[in-house]
Every structure is written in C-alpha cells, then in structure tokens.
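The form predicted alone is given below as one chain in structure tokens.
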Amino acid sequence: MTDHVQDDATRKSGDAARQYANMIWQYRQAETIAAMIHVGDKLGLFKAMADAGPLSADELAAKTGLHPRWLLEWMRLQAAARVLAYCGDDRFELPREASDLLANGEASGFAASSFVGGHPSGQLAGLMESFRTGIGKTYESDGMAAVTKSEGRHRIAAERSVIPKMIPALEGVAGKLENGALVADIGCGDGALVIALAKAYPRSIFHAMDPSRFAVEHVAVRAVETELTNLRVFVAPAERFPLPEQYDLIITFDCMHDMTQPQAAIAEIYRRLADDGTWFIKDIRSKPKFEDNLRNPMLAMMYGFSLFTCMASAMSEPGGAGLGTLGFNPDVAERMSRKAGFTRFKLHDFRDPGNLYYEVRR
C-alpha cells in the first residue's frame, strides 16, 4: 500500500511539473507570436491578405514583393497560432473577423500596431530586411551570446542522457570509444557535448568543428579549463572538414537544419566516415506535413525560432537550402542520407520531447 501511495505521489508530481513547464513555455510562445504579429503589420502582410481568400506563399510574395520562403515560415507560424486559417496545401487565409484587428489601420479596434514583443528593435529590423532580400543572418553574427545561452542545458543532457543512455544504444559505438576512436563533432556549438564525451572516453580523440569562430574559441577555453588533452578544435563548415581523416564516429547535434548546404555536408560526412563508422544525428522532432505538426502545442514558437535563428542561418547565403527548425524531419533525413550513399538509417526515439535521433551507417 505504501509503495502504491508513493508511486501515485511521484506521478502527480511529474504531471504537475509538466503542466507548470508547459505554462512557462506558453508565455515564451506568446512573446514570439506578438513579435511576428508586429512583423506582419510592419511588412503589410495582414493588409495584403485581407479579403484575398486563401493564399500561398508565392501568391503573397507576388502581392508584397517579399521572399516566398520567409513568408511561408511566417504564414505557418501564424496558422499554428490560429491568427491565420490553414486551408490545406500550404495555403493560408486571414479570417474576415481579423480584418479590423490586424489589417485596417483606420478601424477603431485596430490592434496590430500594439504588438512588438520582447525582442530588440534592431533584431526585428534585421529580420524584416531578410523578408525583402531572402538572406538571413549567421549564428556567428550574434557573437558569443549565441554560443553560451544553452550551454548548461546541453551539459546536463550530455552527462545524464547522451553518455549513459544513447551511446550504448548505438551499434558497437561504446566499445570503440572505450578502446580509442577518432570522433568528429560537427557544428559543436558551445562544446558541452564533445567536452563531456572527451572526459568520459579519455582513450578517444575528439575533433570539434564549427563555422563560428566564437564557438570554437569558447570550446578551446573550456577544454583548457577541464585539462583535456584529447580534444582539438577547428573553425570549419560541415561541408569542408579541415583534416583528411577517417572518423569512427561523426556527430551532428541540432545543426543539420541550420546549414545552408546540408546535402553537401552529408556528402562530406559520407566521405570522412570510416567504412564501419557511425553518423549520429540529433534534430528537431517534426513531421513532413505542416498539418501533422499542428498537434504540437508549441509549434508557433518553433517557427519563431526558425525565423529568428534556424532558417535565418540556413538562408544566410544565396542558394541556401532553408530547411529551418522543423525541416530535417525523418523523411528528409533518410532521403538526404541515402542520396549521399548511406544504406542503413535507424531512428531512435529516446523520449526526448523536442528531438529525434538517427543512427546512420554505410
């Protein structure tokens, strides 16, 4: 009886924690939606959609002269927030009842101009310029702040989940790391993962790579602080490894969707992976169809992350792939992997609410 009461109390505590976390993230999502209503007002998007019926991103681009890929991400965000109505087949409509609130600046109830959100005005101005040019900002442009903002969370995940639970689930990987393997962490960011791995597997050699010099400088400092001798750092994009080595394990955590040329990066990963090596991917949990993603209660916030950061990075040079936060779903990941020559693709669901993991081999 005592065990039953204890289990029930534990379950209720877990439910309460999840509900509280959901409430807090809803506040963050509301901030993002507010900022994107402001963007829609300043760029004339609501006005262009008023009484126009269902529109595609290309049709809205024709009406506004703005970039269709950026408009599509914005329209999806607004539909996830129920500001726009989703009409299927990536077509969206401004509801008639929204006209005075969001599109008619002369109406007594006009509200769009009151939405600014908790983002610096310079950041929003840069974002709106990307709607016009199609070119986004890189992670490096945000300096060191972009590198360190999630470091603590990444360290905890590495120490509590990746090393004790995920690495052992990959075929033969734990044994290789224990005996001494060559590992590349591509898009290493704050370096929390690669540093945790280097500490856990001292017989292995780790190469941390990132196109941001701020990220690489930060990881180098952390490596010295932790007195690691089995970690080297490189400023390098994923599509051009700095050394001609063959790696036993290549890791890309939460970065494939940010890349301007992900297919070229995957081709380079295939070339640099040993014949019996493993490519281990972490990327955002999402589905191929927008309408299936609508079940995600935080979807609008995810599209906000995309516009501010992920898709912005993926569109930061002409011809960028622009996958965005939700763009590297399982179907896309497998298709692009097989196109590069990989023949084995395994999805791992480690009950991470925000991410899926893939084990890819030749």
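Each residue number is its position in the shown sequence, starting from 1. Keep in mind the model is a prediction, meaning the values are calculated, not measured.
The form predicted together with a small molecule is left out here; the points below concern that form.
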Do all of Y139, C188 and C255 end up near the small molecule in the predicted complex, with near meaning a heavy atom within 4.5 Å? yes
Report the residue, out of L84, V219, A238, L102, that has at least one non-hydrogen atom within 4.5 angstroms of the small molecule in the predicted complex. A238
Taking the small molecule in the predicted complex as the reference, which of R232, K176, H154, K199 has a non-hydrogen atom within 4.5 Å? H154
Would S212 sit within 4.5 Å of the small molecule in the predicted complex, counting heavy atoms only? yes
Heavy atom of M259 within 4.5 Å of the small molecule in the predicted complex: yes
Which of 238-246, 67-75, 164-172, 87-95 has heavy atoms within 4.5 Å of the small molecule in the predicted complex? 238-246
